[in-house]
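A single chain comes next, written as structure tokens; it is the form predicted on its own.
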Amino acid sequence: MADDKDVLRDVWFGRIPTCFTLNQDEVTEREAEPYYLLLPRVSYLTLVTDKVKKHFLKVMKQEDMEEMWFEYEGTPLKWHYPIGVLFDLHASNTVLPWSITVHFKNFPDRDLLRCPSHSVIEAHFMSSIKEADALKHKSQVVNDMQKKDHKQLWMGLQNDKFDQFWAMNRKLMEYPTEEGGFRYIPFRIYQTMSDRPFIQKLFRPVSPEGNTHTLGSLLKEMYPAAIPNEGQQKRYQVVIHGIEPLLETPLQWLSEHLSHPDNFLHICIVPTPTD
């Protein structure tokens, strides 16, 4: 892959200042102070919130605590979406710190998957990596890896170790030069205005005529409303890792440099804020 280490590092070390507040209906022995944390964009909520749980445990009785879950302005936050995706989708135009409400009761089974342990997150993460590799390389790279290699990817993410993760992940980002890119680009397009979780279809980085596909070409096919016509007001922001990349950016480059550790390019389409 094109070695653009600075971009990869910037993406990995992206953080969101967050304020966790206990839901006011929870029973506590004394007032619960808010808890502040810098959340890594590339991780998962349930992987990095042990300190939050510990903090609120101090004011609660053990028997009053069920599974912890999070909500932002009435929306339960899906732990199996990366943190950066949750923020960009639901709160990209909010004032920081991001204000998240913590619950220990009334788990919303209809909206959220349960997450009893880190092994559940690991299984979800590895299945995403395998799905992405099936799209990119017909699963050849993942299948050639040993179990310890898979573990290295997971431990790199879990322990926030950039070098440990990328020493293995770069293999998943390589492709033969003559092919000009991956077989298909692993991407997901999210939008708050839809009941559908996300859009995911087969899309190649290069057209049959050999032209490079860009972010604009992907959106034109998958979500044309995101591209304003000439003279038209921009209705949507197209956000990846908190930024709006140029529509002319090659999709292959985005996939190599702005994918999350699960190897998917997560694209959020949010309404442009009105003044």
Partner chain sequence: MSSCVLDKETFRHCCQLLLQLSEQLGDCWCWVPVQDSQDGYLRKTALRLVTIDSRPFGDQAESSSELGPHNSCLSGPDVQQNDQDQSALIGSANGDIIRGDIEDQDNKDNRDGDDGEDRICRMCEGSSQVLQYEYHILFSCSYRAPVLYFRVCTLEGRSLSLEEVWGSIHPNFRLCLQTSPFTMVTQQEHPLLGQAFFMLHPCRTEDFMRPLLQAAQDQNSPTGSCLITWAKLCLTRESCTYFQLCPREKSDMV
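Just so we're clear, the structure is a prediction, and the values are computed from it rather than from any experiment. Numbering follows the first chain given and starts at 1.
The form predicted together with the partner chain exists for this protein as well; it is not shown, and the discussion that follows is about that form.
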item	value
is_contact(residue 144, the partner chain) in the model of the complex, heavy atom dist at most 4.5 Å	no
Any non-hydrogen atom of residue 178 within 4.5 angstroms of the partner chain in the model of the complex	no
Contact flag, residue 81 vs the partner chain in the model of the complex, heavy atom cut 4.5 Å	yes
Contact test in the model of the complex: residue 183 vs the partner chain, heavy atoms, 4.5 Å	yes
Candidate spot 66, 68 and 88, all three touching the partner chain in the model of the complex (heavy atom, 4.5 Å)	no
Of 121, 134, 168, 173, the one that lies within 4.5 Å of the partner chain in the model of the complex (heavy atoms)	134
Proximity to the partner chain in the model of the complex, single hit among 161, 105, 114, 148 (heavy atom within 4.5 Å)	114
Region of this chain that lies against the partner chain in the model of the complex, out of 150 to 158, 95 to 103, 200 to 208, 68 to 76 [heavy atom, 4.5 Å]	200 to 208
